[in-house]
Ligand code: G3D
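Shown below, as structure tokens, is a lone chain in the form predicted on its own; questions about how it binds or moves come after it.
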Amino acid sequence: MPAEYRFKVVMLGDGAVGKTAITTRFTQEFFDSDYKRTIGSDFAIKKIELPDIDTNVTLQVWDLAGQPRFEVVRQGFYRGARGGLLVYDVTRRRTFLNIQNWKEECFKNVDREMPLIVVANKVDLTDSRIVSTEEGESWAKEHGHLYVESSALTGVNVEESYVSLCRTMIEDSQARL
């Protein structure tokens, strides 16, 4: 019988970096081109099977509003989180520069460090790209996080982002035993 895990994860990053689009692509397997600003938070649930390690994971994905005015609202939604995706938009440098602030907000509100995957989103917009792969990889490596490049539009590496996070959270859980 496979091992079973249930994890709450949070989507972190500035407004309009694609957190909702990534969550929708992952949980509902489609891309919604009609941008909707998240007010406060939203959540979705998805099961992942990891047959190579005989494990099933149920993820409760919390999509947190990225606008600064929602910081107070976000604080309570971090409670119980075991991991997160730290998302930035490769076409907007400011969103990359702000990922450190998101990491700090997260760790302050969960009262500890937890696994985070750095996700460089919108890599399909090659002509508009400003933040290079090397910059993103370097920041992630320097801060001890895995790095993934994704596109919610095409679906490239969206599932892989969550699978990588699941594997990291499982390792973190086992290390805490």
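All residue numbers refer to positions in the sequence shown, first residue = 1. The model shown is predicted, which means the values in this text are computed figures rather than measured ones.
Beyond the structure shown, there is the form predicted together with this ligand, which is absent from this document and is the topic of what follows.
Answer yes if any heavy atom of Val163 is within 4.5 Å of a heavy atom of this ligand in the model of the complex; otherwise answer no.
Answer no; every heavy atom of Val163 is more than 4.5 Å from this ligand in the model of the complex.
Do Leu125 and this ligand share at least one heavy atom pair within 4.5 Å in the model of the complex?
Contact with this ligand, yes.
Answer yes if any heavy atom of Val10 is within 4.5 Å of a heavy atom of this ligand in the model of the complex; otherwise answer no.
Contact check for Val10: no, nothing within 4.5 Å of this ligand in the model of the complex.
Is Ala152 close to this ligand in the model of the complex, meaning a heavy atom pair under 4.5 Å apart or at it?
The answer is yes: Ala152 has a heavy atom within 4.5 Å of this ligand.
Work out which of the listed stretches, 131 to 139, 144 to 152, 45 to 53, 110 to 118, brings a heavy atom within 4.5 angstroms of this ligand in the model of the complex.
Checking each option against the 4.5 Å cut-off leaves 144 to 152.
Would you give me the residues of 10 to 27 that have any heavy atom within 4.5 Å of this ligand in the model of the complex, in order from first to last?
Asp14, Gly15, Ala16, Val17, Gly18, Lys19, Thr20, Ala21 sit within 4.5 Å of the partner.
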